[in-house]
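So this first bit is one chain, no partners, the form predicted on its own, shown in structure tokens.
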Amino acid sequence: MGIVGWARWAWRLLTSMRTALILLFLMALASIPGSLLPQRGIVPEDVVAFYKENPTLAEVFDRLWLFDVFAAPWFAAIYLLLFTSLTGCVLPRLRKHLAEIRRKPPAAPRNLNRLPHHGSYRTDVEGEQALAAAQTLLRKRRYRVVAGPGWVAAEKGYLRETGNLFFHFALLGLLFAIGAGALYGYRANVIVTEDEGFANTVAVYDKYTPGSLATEESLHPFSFQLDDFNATYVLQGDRRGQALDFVARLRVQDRPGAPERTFDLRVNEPLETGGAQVYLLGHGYAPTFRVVDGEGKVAFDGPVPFLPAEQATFTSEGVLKVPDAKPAQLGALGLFLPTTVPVGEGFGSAFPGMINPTVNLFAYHGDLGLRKGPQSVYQLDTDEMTLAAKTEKPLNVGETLTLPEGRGSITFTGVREWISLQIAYDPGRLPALIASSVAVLSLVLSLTVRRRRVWVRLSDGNLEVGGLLKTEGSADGFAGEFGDIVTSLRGVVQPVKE
């Protein structure tokens, strides 16, 4: 075949409708892990939790890009092949359809009684007058009509293929919109604690994933203050502890100098500002601590976000790091209990809501290992640290864990709540919505419209009518339409009275 022959064969194979359908199925199949597994761009804390619970499996998944499905090279390959295949499928069909629209309906066959739908009767109306009446009738029914010597040909249903083409072009538009969003948009994640503010800048994000053509100028300069977060739970019955509602009350400034507005952020009710959407993904508790070092100075005073270890009771784990403490750096592992109750010889949480909050601490002193490189804020490197003290029983708000040898103290001063947010900017969102709407309407059109032809022939006072359905499927609907045409024709071209 040669290089050119093999290239043509590969192109025909890639641009066949069967290949396009296979690639579309593969794309849907490849999206399943992105829905079932936590994604770094959406819920990075869930990815961390998955690593803790299944470290070996998580390593395998990570190598396969299953925690970043929509940024994976194999997903991009399917996406680009599908785009190419659809383009190669649609353009030749478009040329063929345009030629079909310009082509006149074919002349009437000699024997109309051989067609699936036919009828005939005798009339004494003159030939030209009868055929002119048939043309008028069929045009009123929106048929394209052509007349010849002794016959009339009519055809309609071109919208079926038009809808089919629009559907495929809409799929191309949808893929293009998704690609444009991936190139020029961005996704970012951040945790915001009550009474803290947020400004839309790269520096404040915990994770920032820009498109390859996105710049920092793409970030609209909005800001907001988280005044309060409230989670409502069922208090009694079998559903006790089940969440009912989550509300984050924000004071939003859409741009510098703009007036503030209030907004209640809820799940599936994002904040929209400057083309970006702010989604509420999760929440948790942030116990507040005051750390006094060995020199009597306040080395830390503020909230520390803890990650939920048990969703049913919101027992949470967290790490406190105080690199500025003297004479040695301090760190602590903490276990927060929102509603503390005795459990056996220890304590546990009985309810996700904050009714009786306490915290257990394991305090360390030594080198936090910050010079080794970036660390997770939820992990404490104790390789070069020594356990200084631990709580014998959970600390209530206001209680203090004193460190031995004059190394200071850690006071549990209160509890705030934090929310995890995803900020997404996708310039292809509106085009994708338009393309999806066009695809649905076009699909309805292609499934409901049928291509059909009707012929009328007059010979020696015998008027014959024939019909043919050009598309696959049940002919019952056309049988009724054809019967109506014959009945209407008998009304304008009168049959011979017996």
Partner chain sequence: MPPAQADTGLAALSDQLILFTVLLYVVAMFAYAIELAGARARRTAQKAKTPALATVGGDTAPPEAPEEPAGPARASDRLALVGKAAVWLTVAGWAANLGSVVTLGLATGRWPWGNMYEFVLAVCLTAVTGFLVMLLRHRVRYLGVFVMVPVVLGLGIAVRYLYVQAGPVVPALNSYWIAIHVSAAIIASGVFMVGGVAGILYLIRGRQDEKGLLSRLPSREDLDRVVQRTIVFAFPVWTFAVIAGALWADRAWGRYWGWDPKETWSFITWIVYAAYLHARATGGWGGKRAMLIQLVGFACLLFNLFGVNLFISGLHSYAGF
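Because the structure is a prediction, the values reported are computed rather than measured. Rigid core here is just the name for the largest C-alpha set that superposes within 1.5 Å across the two forms. Positions refer to the first chain, counted from 1.
If you look for the form predicted together with its partner chain, you will not find it shown, but the lines that follow are about it.
- Of the candidate stretches 401 to 409, 254 to 262, 229 to 237, 383 to 391, only 229 to 237 has residues whose heavy atoms lie within 4.5 Å of its partner chain in the predicted bound form.
- The three residues A424, G428 and T487 all sit with a heavy atom within 4.5 Å of its partner chain in the predicted bound form.
- This chain appears without its partner; in the predicted bound form, the one residue of L64, M27, L57, V48 with a heavy atom within 4.5 Å of its partner chain is M27.
- Contact with its partner chain in the predicted bound form, judged by any heavy atom within 4.5 Å, is made by just one of L244, A203, V343, L98: L244.
- At the 4.5 Å threshold, heavy atoms of E269 reach its partner chain in the predicted bound form.
- Within this chain, M17 lines the site of its partner chain in the predicted bound form, having a heavy atom no more than 4.5 Å away.
- Proximity of R187 to its partner chain in the predicted bound form falls within the 4.5 Å heavy atom cutoff.
- R416 falls outside the set of residues with a heavy atom inside 4.5 Å of its partner chain in the predicted bound form.
- Taking its partner chain as it sits in the predicted bound form, the stretch 440 to 456 comes within 4.5 angstroms of it through a non-hydrogen atom at V440, L443, V444, L447.
- In the core-superposed comparison between the shown form and the other one, the C-alpha atom of R240 has shifted by less than 2 angstroms.
- Shown in the overlay between the shown form and the other one, fitted on the rigid core, is a CA shift at T386 smaller than 2 Å.
- Core-superposed comparison between the shown form and the other one: the CA of G119 exceeds or equals a 2 Å shift.
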